[in-house]
Structures are given as structure tokens and as C-alpha cells.
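Taking the form predicted alone, here's one chain by itself in C-alpha cells.
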């Protein structure tokens, strides 16, 4: 693959660039793409041995299966624009048939004629969430009415206080585990409301057809990062973690570097540049030592409650369709609480995708491989019958084990964080260290007020960081 430099390549003792982008996920690559288009010499460095960040794929039976982020919603216009620009095709995710709900009394078929929950109780809960989220400005959640109280209150405590019907409380529990990959007892109510407001509301966020899971990339979401990297003038330096950002004055007579240049330091690299874009999740970003006078690290939820193990179970065919089932399951108990069908466009193979999240993922990740396999297949057989015990393959990707991610889908701060720290991006009326002026700019899906935690948020944050950097350059001139 072009556009990357292998981890084993020997770097020069000292390299130079106008801008160094730290992180080759979608945020970093989106920033690099915009900056190169504006004429900047850009060098992207990445700690992992691959590009893509929280997008990655398994490759089995001629198929690329999204082990990380992969869904593209109808409102995710920046990702869709990039997909078209780099020649990628999107595939609808919808699967026909009845869904299964296993809420404690065994699996129950549910369709439009037979809902699994009490319709009045669930409708009231969803409407309440959307009404409250409408009062939270995504650009500055701390400006919401009673923000401090909502921030300290956990979602679990709020649901117990507000709803008498058990179906309403259970639905909210399932939503948080599904959308945030965390336990409702660990999540502040303000963060949930911000997430809903940022992403388009609870109905949009939970929908496949017409919603945030409308499509996936044919051939895997990792292709977008790979094609963006391949289009850059300089290969991405893989296997190159950054440990320090130092201030350094340029050599005498060097007019290509801004005064007070930055030295990027890591075990395998030293690069001098005028500006930096840090496009890695808040936890790993917080471990980069900043030795730049006047530069402050913007707030970021470095302690995250989110945890995910994503599973793919491959069968010779989607046998569950014979019983009129969609392959989608929602369960009230772990470890496997969510299953969706991913068979569309798979050349006849049946593919189920499962999610183990939050505390379930922490326990699941500590089991032996045999115990994990047995736990998954036992659940699938309970829902789909004995044929579910005979997959062609069962694939796992434990995002808790990724040192540059620290969980997934996105950082989930502890209750009270938002009003104590403030937004991790420039917000009107607040002094934020990520504001224009540089020389360090911050990106990543956790640095975006719109579509936080989604591929769209990552792309938007990278493009916005590039815009702020270019604006700062114009002011400097």
C-alpha cells in the first residue's frame, strides 16, 4: 500500500515539515488532506502499524468486516463527501424480518404488530429524552439549564427517579449500553443529553434505515483512511509514537520555519515543524508531554467508562431468515446484549455482528478464548437454534486492548466532568486553549460538538482543526 512508511523503516535523525499531524485516524487524515490542499508540507505520524484509528477490518472469506466504526448515517455529509471523492461505495444495512428481544423471560419476536415493550411507557421515555436534549447546546453543554445538577446525576439514578414503569427504565439502560458502551450508573445525565443533541436525537441515533446506521462501506470503513493516506504527498510514518513536543528556535538563516519552531520527539523520530495537529483520543493525547511555553492542553475526558468488544460470527448462509427473523437481537443481560445482521452484500454468507459493552466487556475480556467462544455461541443458540453453534468463524476485536484508544466507541467522562472542565473545543464565550492562534491544534471525534463519537465527528474535527490552523497562519502573516 502506498502512502505509508513501514514501522521498520529507519527514520532520518531530523526531518522537517510545515505541519506534523499526530494520529492517522480519520480526524488526522482529514486535517492532513485539507492542509496539503492549502499548500502545506504535512507529515502524519502514527503510533500503530496501520492507519485508520478506530476503523479497522477483519478479512475472511473474501469479505472485509468492520471491526471498529463503520456506520454512516444519512446526516453524515462530510464522510459521504469523502467517500465519493475517494471512490468508495456505501451499502444499506437494513435486514428484513422480525427482531428478537430477550428481556428475562426468553426470546420474544417483535415487529410492528407486536412491540416488545409497553408502547406508552417507552414512548414517554423517548420523548422525555429528546425534550431534555433539545435544551442542551452541543457547543457548550455547561450552558444548559441546571447543567451542574444534570452533570452530577447518573442516568441510572435519573431513570429510577422519573419512571415508575420497568419498561421505561429498562429501555434507558439498554440505550446507554448500546450508544455509549457504558453502564448507566457510570454516566452523567448531562453527557447522555449532550450525546443525543450532538448526534441528532435518540430516534435518529437508534435507527438503521433513515438513521445513523443507514449504510456501511462496501469493502470496509478502513478503506477511507487507507485511500486518504495514499493520496498524501508524504508517506504516513507508522509505528512512530510521539512522547514530547518541545519548543526549538530555528537554525540561523532557515526561513521555512516559523520562529519558535516545534520539535516532535518519539522513540523513533525527531521532526521539526511550525505547527502541530494532535488527532488522537484524549487519554493518549494526555500522555504526550507539552514543553511549549504558553501552550495549554485543552480539557478532555481522559478517564473513560466506555468499553467494547466487537464480534463477527460467520455462517455459510443467513439461516435465521428461514424463520422470518432479521438477525437483530436486544437482550437485557450480558455478556452479549446486541446482535445485528451484516449479511447484505456478503455473497450469500450469513454474518452476525455482536457487541459486548461496558462492565460486560471488562469481564468478557478477562475470560479465556474458549470461555468467550462458549458464552457467545450459547447465547446465539438460545436465540436462533442449534445451527448457531456451527459458525465458519468467530472473530473478536477487543478495543479495550488498543493502547491508542482505551476503549470505544468514544470517551465517556465521569459524572460532573462537563461542568468542571468545560467543552474540549473552542466555545463562544469561553477561553479555550484550542482556540485559533496555535501552534498546537487538537482534533478527534471527542473534540467535535457535532456527531461526537461518530466517524462524522472525527472528520469534522480534523477539517475544523485545519481551518483554524490556516486562519492562524493568515493572521500571523
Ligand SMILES: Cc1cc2nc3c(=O)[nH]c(=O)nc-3n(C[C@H](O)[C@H](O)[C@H](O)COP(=O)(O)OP(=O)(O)OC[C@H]3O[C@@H](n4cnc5c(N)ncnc54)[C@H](O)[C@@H]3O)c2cc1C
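Residue numbers count along the first chain shown, from 1. All of these numbers come straight from a predicted model, not from anything done at the bench.
If you look for the form predicted in complex with this ligand, you will not find it shown, but the lines that follow are about it.
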*Okay, which stretch from 376-384, 363-371, 147-155, 397-405 lines this ligand in the predicted complex, with non-hydrogen atoms inside 4.5 Å?*
397-405
*So in the predicted complex, does any heavy atom of residue 288 sit within 4.5 Å of this ligand?*
yes
_Considering non-hydrogen atoms and a 4.5 Å limit, does this ligand approach residue 65 in the predicted complex?_
no
*How about residue 284: is it within 4.5 Å of this ligand in the predicted complex, going by heavy atoms?*
yes
*residue 460 within 4.5 Å of this ligand in the predicted complex, heavy atoms*: no
*So which bits of 39-72 sit within 4.5 Å of this ligand in the predicted complex, heavy atoms only?*
45, 46, 47, 48, 52, 53, 54, 55, 67, 68, 69, 70, 71
